[in-house]
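Each of two forms of one protein chain follows alone as structure tokens, named structure 1 and structure 2.
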Structure 1
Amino acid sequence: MKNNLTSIAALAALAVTAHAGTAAADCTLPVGVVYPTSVDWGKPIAETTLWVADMINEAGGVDGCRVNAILRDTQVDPRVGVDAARALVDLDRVQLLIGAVASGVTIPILTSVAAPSGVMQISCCSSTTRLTEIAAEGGANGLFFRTFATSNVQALVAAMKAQEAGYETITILYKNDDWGQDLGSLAAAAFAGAGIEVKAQIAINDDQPSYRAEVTQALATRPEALYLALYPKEGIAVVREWISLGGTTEFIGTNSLKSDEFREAVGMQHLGNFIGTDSSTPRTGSATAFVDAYTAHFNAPPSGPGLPNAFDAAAISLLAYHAAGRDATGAQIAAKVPMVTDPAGEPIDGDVAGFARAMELLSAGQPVSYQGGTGAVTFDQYGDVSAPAVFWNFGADGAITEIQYITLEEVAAFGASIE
């Protein structure tokens, strides 16, 4: 036993020395990463984040210090996520938390860990507008950012499409959960702003034996078109019922209905006028560069959700950390974020050379414009980003086909026009 202990101690000592010898710098900075590594779509998000930390270290580290990214699993469970964040803040003394994915996990981490402890938090993938409200109410203390656009983008372009199609009335059917309620009310506001009368907003609950009553209620409002913020499971039941009762086949649907199951069960003969919306990554050189770099690094293209967003969340927050200095608090790091995403700054790429150049400029007190996987990111006062959008439909052969790309500027201009 004693022998064992001695050898472990010796190994540890050796490791520490070896570590000091090879590290890019003579100090390390802990950074907390809270992502759901135990689910299949969460793992690539976490790996992308660690990859960025490696590149930052290769480029010289944050203010000369090696970044030690400490990864903790959230299991997409608010309780586990909060525990993980709590441990990172209290035990590892991090000033920066990167995470989480699901809004339901991100919100409690923000309100019960990050904001009270003065730690900066940046999420790759949370889309609920509840986070905007928290920031607007002052609950985030300016410490929260996210690189994923809110559901408002989809709501805006849905209204854009409805206006284009000349609909005067529309009825909204939304899934009765956080996501659906959020999207339903955003869409209602957007339609109203675009001069389209919203006849009714009807909640669709999960797992009901029959949706007949809800559909009958929607039918009674006699809308020209139907807006569907539903998942395929209840979407199939609702839309089939709707069509069987003679409802219009003018549909506008959300990205959640990008599903072969939905198309097959409803039938292409009824989906000819279906238009879907989705937010998109910008069609810029930096977005393509991200895809190439990711493919080269992981030997597979980035196919999962939120990967460019995760890349940018890590890169922006670590560059801001660099600008704020190794001893910075969460608030000081957050204050430097605009310096990294300044449209007037020198454009820099999301690679080792780009990071090195950015650090050089930031150290000299000059702003940079980071161009990442989701383009030239800029945050508004609540830490939100906007995004371009696409329209899609079920093409002639039934395959999900993109029919139109709407740039970030067009989305923003339309948003401004209906306010």
Structure 2
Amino acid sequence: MKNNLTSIAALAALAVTAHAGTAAADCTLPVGVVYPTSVDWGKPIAETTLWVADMINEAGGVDGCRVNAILRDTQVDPRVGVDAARALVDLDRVQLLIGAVASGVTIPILTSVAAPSGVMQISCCSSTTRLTEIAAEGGANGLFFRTFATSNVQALVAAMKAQEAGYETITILYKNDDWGQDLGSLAAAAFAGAGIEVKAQIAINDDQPSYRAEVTQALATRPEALYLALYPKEGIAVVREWISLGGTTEFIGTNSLKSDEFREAVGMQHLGNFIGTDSSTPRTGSATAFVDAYTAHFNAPPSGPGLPNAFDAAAISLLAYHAAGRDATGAQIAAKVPMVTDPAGEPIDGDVAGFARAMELLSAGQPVSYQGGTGAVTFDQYGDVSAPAVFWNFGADGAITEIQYITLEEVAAFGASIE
């Protein structure tokens, strides 16, 4: 993929260029972006977000003001993420935070920074159902949205694939954070419902010098397959240890392992039977248009995790900011999200012309139906979305390759069949 930014420092320092006319140059609105640019799969997510902000500026800016997207690296670390978000809110005075990726980072940002400060937060890629619970309990204050489906989708289709493969036993290795705990629990229930015995659920902590004890524990269960709810860093160490000790190479992994780093470090000779899961975009014209536009802009197709979701999170939140006005609070921005995603509104494309048309209609008090990389986005009362799913693998040349698409209806039907 073309890398528009030559270093992490340059990426973090980038303020979106103003392409708009005089109106957008008269004022500037700071918007916080908190994504993990220090990991290989996080940089494209950040770049996609900055690209959207650039297009919004070209379309006229938010209520005539140039968007200054201030990017901070979360390092997939809750403490770093919270510090970054707090600086954006306290020092840069942002009313909108776009991010984060890991649920274990998104949750503390929401509960300790965004919600208490009255700042809207929208995430591209956090899937834990704990976020739904927080919203249902009133802890989000109506300020949180996400464009990525909950972990339940990946858990269900993992069980679907295990059942199709004829596995009778499986062991779960999960990252010991909010995301991993949630997904590991949901996957265990889905596997059990599909008639597959879960031999063990083993937590993997960050930054251990060795995972020999955890891998030895997993090996003792003698599973036919491993389910990996891990990020690349821990995934590499664990899978290498597993293989070195003679473990099976039958793997089902989450979208977090859609990583060149993971593929290269483990080696394709060990990943021939690896099957990945992910939520997916619907097969719609707008989703295809996103792929085409992304490919033209970055000189490569969007193959990493969360890219269409990041595009839509940025577009929806910035259009809602426009509808609320340049002096809007976070709560006022959040209140305009339904106006941007109204199924009864005029369909709006995710490009400069579409953004300009949306701004015209929103300024006139008319709703629009934004349709972008993940289709016609709508949120429920907790800020959640639904989505279809895909199976993927590392193809013959190592490239991430989709091997099967599962519709939203098929996901729901399988879930109902195993309840």
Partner chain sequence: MIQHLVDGILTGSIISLGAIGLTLIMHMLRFANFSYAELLGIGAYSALVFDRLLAALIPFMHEKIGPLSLTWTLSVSVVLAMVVTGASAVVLDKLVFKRIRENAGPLSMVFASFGVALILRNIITLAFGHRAQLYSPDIAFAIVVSFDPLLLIKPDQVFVLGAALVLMLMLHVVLTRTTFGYSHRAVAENPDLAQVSGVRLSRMVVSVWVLGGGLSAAAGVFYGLTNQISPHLGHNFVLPVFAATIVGGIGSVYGAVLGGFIVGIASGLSLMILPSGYTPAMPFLIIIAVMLLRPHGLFGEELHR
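Small disclaimer: the values here were computed from a predicted structure and weren't measured. Here the rigid core means the biggest group of C-alpha atoms that line up within 1.5 Å when the two forms are laid on top of each other. Residue positions are counted from 1 along structure 1's sequence.
- One of the two isolated chains is the form predicted on its own, namely structure 2.
- Two rigid parts of the chain turn against one another between structure 1 and structure 2, and the hinge residue out of 280, 359, 320, 256 is 280.
- Annotation: rigid-body hinge motion between structure 1 and structure 2, rotation of the minor part against the major part equal to 34 degrees.
- In the core-superposed comparison between structure 1 and structure 2, the CA atom of residue 406 travels 4.4 Å.
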